[in-house]
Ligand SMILES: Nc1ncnc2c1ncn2[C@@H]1O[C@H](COP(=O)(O)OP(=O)(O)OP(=O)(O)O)[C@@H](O)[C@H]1O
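First comes one chain, alone, set out as structure tokens in the form predicted alone.
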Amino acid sequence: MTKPTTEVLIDAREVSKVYPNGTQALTNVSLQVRRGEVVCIVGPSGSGKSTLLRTLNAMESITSGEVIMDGLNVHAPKTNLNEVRTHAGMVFQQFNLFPHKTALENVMLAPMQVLKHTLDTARANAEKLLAKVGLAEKAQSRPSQLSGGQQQRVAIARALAMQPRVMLFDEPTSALDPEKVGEVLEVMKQLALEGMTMVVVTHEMGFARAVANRVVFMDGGELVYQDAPEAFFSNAQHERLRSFLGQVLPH
């Protein structure tokens, strides 16, 4: 893995989120992500991991606090959310590809619409990115003709096509058959080696251990503990973290 810089790319400060029904999803969560850093967020179901990730690019509103991404105040009323989402590529559990478009067209679409790339530029970039994720030969296939792992790799290529400064992954392998998980994690490992800043909500502890610069544990809407992978997994001093790792790690 590459060594992150000291420059803070994402600065979430005291972020809280309360839903209209009174459910407290996040409580005073502060998290900094440096340029080139890979941060994996783990924790039990319903702990606020995905909610936190989605507040980073304003897909989820916040009740209090602030998120600064590359100098932009993400939740300020006058912030251009298209600009925020251009900076932050997002990969979801479900692949969200356009079913009537080919893999190539799915990757070309946003750069043409948002970045105003010409057809030729968008096509050349899309072909390069599909090759990067190992799908050059599937450029003309529609999503229904692709496996789940292949669809997720197209979704990663689509996010990369916007030339983001950070990639946000929300449980990117949880909808995949077990034998397809590895091919997606391989692409993500390669991005990490190339120095892409990444925030990854995941239940893949092996990936977090091998690729992350830092692992963050969330429980009950709070950021409970964070550390480098070695200390996080082998020296868990925190009782809630110990209990969680006891359930998810092989014995």
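In this text, residue numbers run from 1 along the sequence as written. Everything numeric here is computed off the predicted structure, so don't read it as measured data.
From this point on, the text means the form predicted in complex with the named molecule, which you will not see here.
No member of the trio G36, R214 and S234 reaches the named molecule in the model of the complex with any non-hydrogen atom inside 4.5 Å.
Here the chain stands by itself, but in the model of the complex one stretch of 206-214, 187-195, 40-48, 63-71, 40-48, has heavy atoms within 4.5 Å of the named molecule. Within 4.5 Å of some heavy atom of the named molecule in the model of the complex lies at least one heavy atom of A25. Of all the residues from 152-183, the single one having a non-hydrogen atom no more than 4.5 Å from the named molecule in the model of the complex is E171.
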